[in-house]
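One chain is shown next in structure tokens, namely the form predicted alone.
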Amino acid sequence: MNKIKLPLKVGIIGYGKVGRIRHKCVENHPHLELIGICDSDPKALHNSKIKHYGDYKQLLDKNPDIVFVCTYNLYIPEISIEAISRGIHVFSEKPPGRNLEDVKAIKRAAINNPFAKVKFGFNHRYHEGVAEAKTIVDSGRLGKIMWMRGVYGKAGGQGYDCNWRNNIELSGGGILIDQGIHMLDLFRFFCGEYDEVKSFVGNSYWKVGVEDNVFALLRNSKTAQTAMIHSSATQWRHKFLLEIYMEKGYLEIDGILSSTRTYGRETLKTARCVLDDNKYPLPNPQENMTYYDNDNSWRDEINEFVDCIVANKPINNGGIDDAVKTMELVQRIYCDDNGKPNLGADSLSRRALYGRVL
């Protein structure tokens, strides 16, 4: 194993909105030092003190310890695999590619280069409301999870129809792979894996060649735990809602803190069932509310990543196995039970990306 020398040298590849957020996190971490940024647009970098590269391989040639990959989804596999093959630790944004094959290719590189730590930006796991809910679930005091229901939707916004996220060649899909993937990751975070999937994938409003609404049912046939997701680009009032119903009560995370602050105040609602004299649950139990006003998820996921590197610990949240399993759910939702493209997406490109039997 290579000896860890601090501070760890960092490169950022892709300097859009998310790349700039990662830059701030790097600046605020005592064990990280930014040595360069790669972006195809030299005007993207306004700070002349930071070295700019137009080709990501030029940045990798400077031997950073870590690279943050903040590019279009199309380029994530190529850049990640190249960095991993050089023994460089990789933190990539989600989704981890455009389809399942992309992620499996990254996993093969990670298996062949076990020194390199690989983590993906499923930062919703690190929101305080989610973390507190996970603590309550794991304690068992409300019993086993029976079902979950998640809604994650936005109104699209100005220029949505021409946003790169709706270019299937760059992104791999629409609202599900862009935003709904976070909810799928949380379903797995709380309940593990699902082996049955039923879905409706539609393009009802934006008509951009990728889905703008997805309704899906997931079930673990062994535990009978079920989850339902609605991922939407026609939720005119932005909404995040995750309901977790257990044998003895329920949790609801309503609102999620984001950079736009358009999803409302992050709130965790908890309630325990009240039984009547015959041990039947009474309706409308008392609810307790907890409010969260600070979003430290971006910081906390990077802190954990750095700690895993320095202490040589495995990545237990958002690692390559999480990425593969979550993308398997994405691909199964995009496809019907026979592994054929869900025609609700109505795209020839979808056939090319997801037309393989799983």
Partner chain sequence: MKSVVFLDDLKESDIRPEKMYDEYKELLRQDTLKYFSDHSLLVKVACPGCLNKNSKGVFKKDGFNYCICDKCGSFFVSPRPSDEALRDFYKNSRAGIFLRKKFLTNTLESRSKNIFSYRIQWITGLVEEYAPSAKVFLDYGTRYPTFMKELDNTGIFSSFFSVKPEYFGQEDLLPKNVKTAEAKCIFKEDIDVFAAFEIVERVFSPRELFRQASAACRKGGLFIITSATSSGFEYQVLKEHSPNIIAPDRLNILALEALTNQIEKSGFEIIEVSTPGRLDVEIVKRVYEKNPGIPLDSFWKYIFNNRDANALHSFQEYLQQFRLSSHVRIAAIKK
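Small disclaimer: the values here were computed from a predicted structure and weren't measured. Residue numbers count along the first chain shown, from 1.
FYI, the form predicted together with the partner chain isn't displayed, but the following is about it.
> Pick from 58, 290, 316, 28: which has a non-hydrogen atom within 4.5 Å of the partner chain in the predicted bound form?
Partner contact (heavy atom, 4.5 Å) among the options: 290.
> Which of 139, 284, 221, 260 has a heavy atom within 4.5 Å of the partner chain in the predicted bound form?
It is 139.
> Just to confirm the contact call: exactly one of 107 to 115, 243 to 251, 125 to 133, 70 to 78 touches the partner chain in the predicted bound form at a 4.5 Å heavy atom cutoff, so which is it?
Comparing against the partner chain in the predicted bound form, the contact stretch is 125 to 133.
> Taking the partner chain as it sits in the predicted bound form, is residue 144 near enough to touch it, meaning that at least one heavy atom pair lies within 4.5 angstroms?
It does not: once the partner chain is placed as it appears in the predicted bound form, residue 144 has no heavy atom within 4.5 Å of it.
> Give a yes or no for residue 265: in the predicted bound form, does one of its heavy atoms lie within 4.5 Å of a heavy atom belonging to the partner chain?
Contact with the partner chain, yes.
> Taking the partner chain in the predicted bound form, which residues along 302 to 333 bring a heavy atom to within 4.5 Å of it?
If the 4.5 Å heavy-atom criterion is applied to the partner chain in the predicted bound form, 302 to 333 yields nothing.
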